[in-house]
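Take a look at this single chain in structure tokens; it is the form predicted on its own.
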């Protein structure tokens, strides 16, 4: 998928969309600038993408995005409750190791970013062999449940998206 002029069409659209969101302005000027950036950045960086990510089911990106947005909203409320109504020394924070079934570097990067974007969790480290992510949880009394939630809500969906 893609041509010499348009090496990564999906990335082009993502860059243009992110530009529009960052500019917080839907206008012709920002649309043209977003598309220009979306065309130039993949062309300039294509040497660094020897293997382009392959999407097995790109429509699942919508489902993944909606789940992540919902989890961000819910987690914000939960973290606000912890900060406002709990003492710091009563938090049950800990590190959990999340074993990965993902092997695609882009998918692992998206998973780590998703974990970090969700309030209350941070991706702290990726194992040297890429088979596990170390995640810090602000509050968990069930580390296995946290690992299962990450694998079911995020990793499974990413495996459906990436080939």
Partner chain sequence: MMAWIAELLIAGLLIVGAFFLLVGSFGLAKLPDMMRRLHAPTKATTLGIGALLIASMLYFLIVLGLFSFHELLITLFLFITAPVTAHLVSKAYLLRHLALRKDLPDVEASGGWATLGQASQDRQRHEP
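Numbering follows the first chain given and starts at 1. Throughout, rigid core stands for the largest set of C-alpha atoms superposing within 1.5 Å between the two forms. Given the structure is predicted, the values throughout are model-derived calculations rather than measurements.
Although not depicted, the form predicted together with its partner chain is the subject of the following passage.
Is residue 128 one of the residues lying within 4.5 Å of its partner chain in the predicted complex, judged by heavy atom distances? Close contact exists here: in the predicted complex, residue 128 approaches its partner chain to within 4.5 Å, heavy atoms only.
Flag residue 95 as yes or no: does it have a non-hydrogen atom within 4.5 angstroms of any non-hydrogen atom of its partner chain in the predicted complex? So residue 95 counts as contacting its partner chain.
In the predicted complex, does residue 136 come within 4.5 Å of its partner chain, counting heavy atoms only? Yes, residue 136 sits close enough to its partner chain in the predicted complex that at least one of its heavy atoms falls within 4.5 Å.
Residue 62: touches its partner chain in the predicted complex, heavy atom cutoff 4.5 angstroms: Taking the distances in the predicted complex, the answer for residue 62 is no, it never comes within 4.5 Å of its partner chain.
Sort through 118-126, 28-36, 41-49, 54-62 and report the only stretch with a non-hydrogen atom within 4.5 Å of its partner chain in the predicted complex. Result of the contact check: 118-126.
With the core lined up, does the C-alpha of residue 150 move 2 Å or more between the shown form and the other one? No, because once the rigid core is superposed, the C-alpha of residue 150 moves less than 2 Å between the shown form and the other one.
Cα of residue 136 displaced 2 Å or more between the shown form and the other one, core superposed? Residue 136: C-alpha displaced by less than 2 Å between the shown form and the other one.
Does residue 30 count as moved between the shown form and the other one, where moved means a C-alpha shift of 2 angstroms or more after fitting the rigid core? Shift at residue 30: 2 Å or more after core fit.
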